[in-house]
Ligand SMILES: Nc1ncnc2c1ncn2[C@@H]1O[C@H](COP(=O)(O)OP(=O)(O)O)[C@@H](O)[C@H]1O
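Only one chain is given next, in structure tokens, and it is the form predicted alone.
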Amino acid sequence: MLTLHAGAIARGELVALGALGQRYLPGQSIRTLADVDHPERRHLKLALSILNTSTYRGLPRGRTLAAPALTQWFTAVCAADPFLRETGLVLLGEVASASVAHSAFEAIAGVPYQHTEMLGAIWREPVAPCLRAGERAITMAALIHRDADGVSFAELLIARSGLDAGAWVKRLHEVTLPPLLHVLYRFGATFSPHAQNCLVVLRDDVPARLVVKDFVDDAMISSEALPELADMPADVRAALGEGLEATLLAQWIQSGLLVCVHRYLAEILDERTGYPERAFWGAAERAVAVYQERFEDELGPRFGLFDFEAPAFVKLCLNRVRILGRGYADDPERPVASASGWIDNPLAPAREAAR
């Protein structure tokens, strides 16, 4: 990076600060760093010139600079909602950001997008100060981890909790699905709750609350003209673009949580604890049904608009973009996920069986 910006450093436009004295530990995403000695300090997310799945892991300027305003909007609307306060949903906001343009690269028409995302940083709130006495937080990815002997972390949590697998899974669904769906239905907004972006807060090894992070990359809004989106700051709206149509917005939760986490967890619990996959998905559907019954009068039309229990949804493939699509080509815009085929919604049969 010093070599790439040598001209700006020589002109005094940038200053190389050198190494910091603190000790930092990379998280699961590698590019997000936590202060080892002071866990209450904000995490630091950096840009990396690594092509992973479909895109380079840089920091897009528009979204990066809009991150603090997006955090303010998201946290304000969620904090004002009684149900989300009841669930204890935690949003780890991105409270400060920086993005530095490279004058030579960005003077080139159609320059590959990765050269506009190389130097930037985002400061994110840590989870430690949000935890109450007796709580600890783990990523959703931890739930599907298995050791060299095939023992899963989830089965150990269940064993230590004193609950049977069914009761523990019921609590997991109650903690994760209702707050995610409420944000979608109430505000026409969502996150991508995949295994890295969501954390589960445990109390006595039982799921207690949900933590969501990574607004800059994985938050999105509906393209519908919903009144709840009318007061979104203009710079945030510009960074997010026109939004997504309703079916695709619901799919962010379907793909991020049902496909990327729960399908593996259901298989693991079936194999390791004897808790049937069918029971796992039935418990998920019941959590959705209980939530929808509670808010039918207020949000009923939104249940159809953002149809979470449609029979199938489009399969989005990230690696397919590189393997069968763009390869290693340089593009002026970030590639988007490739849609290929359909995935049967595991909640749909459970809903039909319950009728």
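Counting begins at 1, following the sequence as shown. None of these values were measured; they are calculated from a predicted model.
In what follows, reference is made to the form predicted together with this ligand, a form of this protein that is not presented.
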Hey, of 145-153, 79-87, 195-203, 247-255, which bit sits against this ligand in the predicted bound form at 4.5 Å between non-hydrogen atoms?
-> 195-203
Picking from 322, 31, 61, 315, the single residue whose non-hydrogen atoms come within 4.5 angstroms of this ligand in the predicted bound form is 31
Exactly one of 259, 226, 279, 141 has a non-hydrogen atom within 4.5 Å of this ligand in the predicted bound form; which residue is it?
-> 141
Any of the heavy atoms of residue 42 lying within 4.5 Å of this ligand in the predicted bound form?
-> no
Close approach of residue 213 to this ligand in the predicted bound form, 4.5 Å, heavy atom | yes
Find out whether any non-hydrogen atom of residue 182 is located within 4.5 angstroms of this ligand in the predicted bound form, and reply yes or no.
-> no
Would you please decide whether residue 124 lies within 4.5 angstroms of this ligand in the predicted bound form, comparing each non-hydrogen atom pair?
-> yes
Within 50-74, which residues have a heavy atom closer than or equal to 4.5 Å from this ligand in the predicted bound form?
-> 52, 57
